[in-house]
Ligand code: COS
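There is one chain below, alone, in structure tokens, taken in the form predicted on its own.
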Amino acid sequence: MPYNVDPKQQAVRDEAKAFAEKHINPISVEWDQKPEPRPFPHDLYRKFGEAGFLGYNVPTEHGGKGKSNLEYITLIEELCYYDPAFGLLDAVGELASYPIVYFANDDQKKKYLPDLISGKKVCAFVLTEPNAGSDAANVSTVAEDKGDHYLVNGDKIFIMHGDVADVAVLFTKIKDKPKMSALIVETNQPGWKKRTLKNKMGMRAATTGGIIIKDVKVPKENLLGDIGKGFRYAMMTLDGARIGVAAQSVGLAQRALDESIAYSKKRIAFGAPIAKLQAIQWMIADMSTQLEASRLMCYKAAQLQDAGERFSLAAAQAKLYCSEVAGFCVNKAMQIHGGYGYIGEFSIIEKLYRDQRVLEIYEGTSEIQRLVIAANVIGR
């Protein structure tokens, strides 16, 4: 049983388990193996909304469940234990609406949040560009002030839900303004061209899109917050999202460990279960130890966020360490399972191996996390 630092966590685990056994387990393999072009799992997404999972830590006054950040990352940890791609699906839904929850005005919240939290509409966090990934401030998308609206042009890539989103939180420069701003965009209009990116290595059920923006009109009232504060909004969102990635990593690593323990007990070699071999025992011991350390780092970051304290450093440390521990665990799990891990027909290990890799890339690569950590520890 995973260690809880708060008694409320167990109720979350039980809720997630009941949901996963009913709605995720029966379709997990099917969605991972769907042929291209792979569709978006709208039915499951709406079920997330009906369960309150898309607004789990959104304040109740905005229609959410009002859970703590610790409870939220426990939810993501548990969903990713059963299927990392579907856990990511939920996490992105909450991430994308975060800027609207915390930086939008009351009219914008009333207009957009009910449908986003319920899962009736899909939201995307539209930041990354072909030449602005790790260098997020270097966006070239431009919105030109046309009096009663902005006219936007640009190119976005690697956008989770970007191929299906009904609503986008779009990060863009405003012409003649030096700093990035943010706009809420309704995507069902001429000029907003989206496509599904193909041949994803993992996390296949959570689709990823590219977007070409050509003369898209955005009403002035859809400016999110203040002009020039878009980079701040994006970074504040990503700080929280990095704790979410840490939680995804913990859930995935726990599944890799549990599968390895179960397999090593039943796999017979040299006349006995391989769990009796010291080489296997040491792999499992290392997996277990690193996993527990990563879990506590993840929880620490969430607790700092709940306490209203600075958590950027803890979030970066958790994202870096947990994602790399997940890589360690799936690698050892593959080694323990051998051919039965490498061939997806026999176990989930092949899928976990593919799903894990992006954890060290999105929401800031491991290299970016090290820069953030160093800047905080050494000083800028």
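The first residue of the shown sequence is 1; numbering continues from there. Small disclaimer: the values here were computed from a predicted structure and weren't measured.
Only in words, not in the display: the form predicted in complex with ligand COS, which the text now covers.
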{"property": "Options 109 to 117, 132 to 140, 82 to 90, 219 to 227; stretch whose heavy atom lies within 4.5 Å of ligand COS in the model of the complex", "result": "132 to 140"}
{"property": "Contact check for 78, 291 and 299 against ligand COS in the model of the complex, heavy atom at 4.5 Å", "result": "no"}
{"property": "Contact test in the model of the complex: residue 312 vs ligand COS, heavy atoms, 4.5 Å", "result": "yes"}
{"property": "is_contact(residue 287, ligand COS) in the model of the complex, heavy atom dist at most 4.5 Å", "result": "no"}
{"property": "Partner contact for residue 20 in the model of the complex: ligand COS, 4.5 angstroms, heavy atom", "result": "no"}
{"property": "Any non-hydrogen atom of residue 231 within 4.5 angstroms of ligand COS in the model of the complex", "result": "yes"}
{"property": "Sole residue of 238, 152, 206, 167 within 4.5 Å of ligand COS in the model of the complex, by heavy atom", "result": "238"}
{"property": "Listed residue that, although ligand COS is not shown, lies within 4.5 Å of it in the model of the complex (heavy atoms), from 265, 179, 195, 175", "result": "179"}
{"property": "Partner contacts for 93 to 127, taking ligand COS in the model of the complex and a 4.5 Å heavy atom cut-off", "result": "125, 127"}
